[in-house]
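Presented as structure tokens, the chain that follows is alone, the form predicted on its own.
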């Protein structure tokens, strides 16, 4: 909840400063001269300043909640407690006699091995104790082990820091939470703060260091570029064959009522089926090798490309077809000069969607018996809780996917310059 509130606050402040102050004073482009912009799609362009601030905000939140050394300490969220924690416990004998002792706990970084601090046992029958617990962890504290009277003698703990405690209950202290198990044993959980433990979310610099390490030394016998290259190769091959079959199928469905009636139930049935649901069937049919992975990606792209091509044909203005017929054009000429050019924008949109789906599917496909690939890296790293490698893989997959989309947008602008121009 706290990260969301911070994110919303940065968004609101950035929006006001950039749009109401900076851009309001500096804008003099063509769009700013329009009398009506709301609802005009041509007036909406990505605000690059907003994009930069958005990315920096995500990294800022990431660093704040991981204690990143890239940020000054005053921007860090409260971290876990480390140091000496103390609390008192009161034990009671069956005859009502009570005694109080102090427990000293050394809370240390989880990657360090330390010894329990030495303490004076005290004069009463309840003796002072010491223990060690790693930050973000919790542990049992057997305070009766060195007491003169323990649980075997009927002694039981009745209070912590003067507050009554019962089995299953807890008491909050300045250093963390002291709880009691159902059997009456004390547990201590140091305050965790708001920062994430590195095993769950490492800092940005830790992920960057891991990227440099794997780029230099490789991962499981292959370089980083080989892993990413194999994933990209599988996506391109699967998408190519999916488009090779899907586009003609979509054209046939858009131009022939027989083809539409024959294939429409199949396409509409398969379209909502997620590619991941097909993995078991593909493994049974094609095995766990490269063929099965490419077939899965082929199926992921096929239905999307077929629907995109069908929509492209259906979206051709009939007035253009009539005009071509009136000029004596044949069906082949109408196909070449009217239908294909006017359906290409829809096909490119479908291709961008299909590539995104294929790129997301390849990661899941590589979770099954793959020796190389981005998905394989993520799967192996997750088994050993190497979260930095998992996040590294996710970031690289996102960057490559974004690059593919940008490349296809560029190709669309070059190959279909008439898009949106009537």
Partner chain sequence: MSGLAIEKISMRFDLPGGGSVQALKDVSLHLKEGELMSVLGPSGCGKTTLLNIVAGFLAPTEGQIVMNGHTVKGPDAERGMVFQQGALFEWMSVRENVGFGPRMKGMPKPEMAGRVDHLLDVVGLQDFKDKAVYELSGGMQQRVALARCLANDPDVILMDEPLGALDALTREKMQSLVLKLWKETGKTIILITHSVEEALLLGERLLVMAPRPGRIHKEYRLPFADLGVGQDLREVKKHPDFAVRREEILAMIWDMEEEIMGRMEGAGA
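Numbering follows the first chain given and starts at 1. Each form is matched to the other, and the largest set of C-alpha atoms that superpose within 1.5 Å is called the rigid core. Small disclaimer: the values here were computed from a predicted structure and weren't measured.
There is another form of this protein, the form predicted in complex with its partner chain, and it is not shown here; the text below is about that form.
Discussion item. At 4.5 Å between heavy atoms, only one of the stretches 283-291, 258-266, 86-94, 332-340 reaches its partner chain in the predicted complex; which one is it?
Written reply: Result of the contact check: 332-340.
Item to complete: Could you work out which of 210, 352, 137, 320 is the residue within 4.5 angstroms of its partner chain in the predicted complex, going by heavy atoms?
Response: Spelling it out, the residue with a heavy atom inside the cut-off is 320.
Practice prompt. Please pick, from 194, 233, 200, 325, the one residue with any non-hydrogen atom lying within 4.5 angstroms of its partner chain in the predicted complex.
Written response: Going through each option in turn, the one that passes is 325.
Item to complete: Answer with yes or no whether residue 418 is in contact with its partner chain in the predicted complex, where contact means some heavy atom within 4.5 Å.
Response: Answer yes; at least one heavy atom of residue 418 falls within 4.5 Å of its partner chain in the predicted complex.
Discussion item. Is residue 341 displaced by at least 2 Å at its C-alpha between this form and the one not shown when the rigid core is overlaid?
Written reply: Yes: residue 341 shifts by at least 2 Å between this form and the one not shown.
Worksheet item: With both forms fit on the core, is the shift of the CA atom of residue 324 between this form and the one not shown 2 Å or larger?
Response: Superposed on the core, residue 324 moves its C-alpha 2 Å or more between this form and the one not shown.
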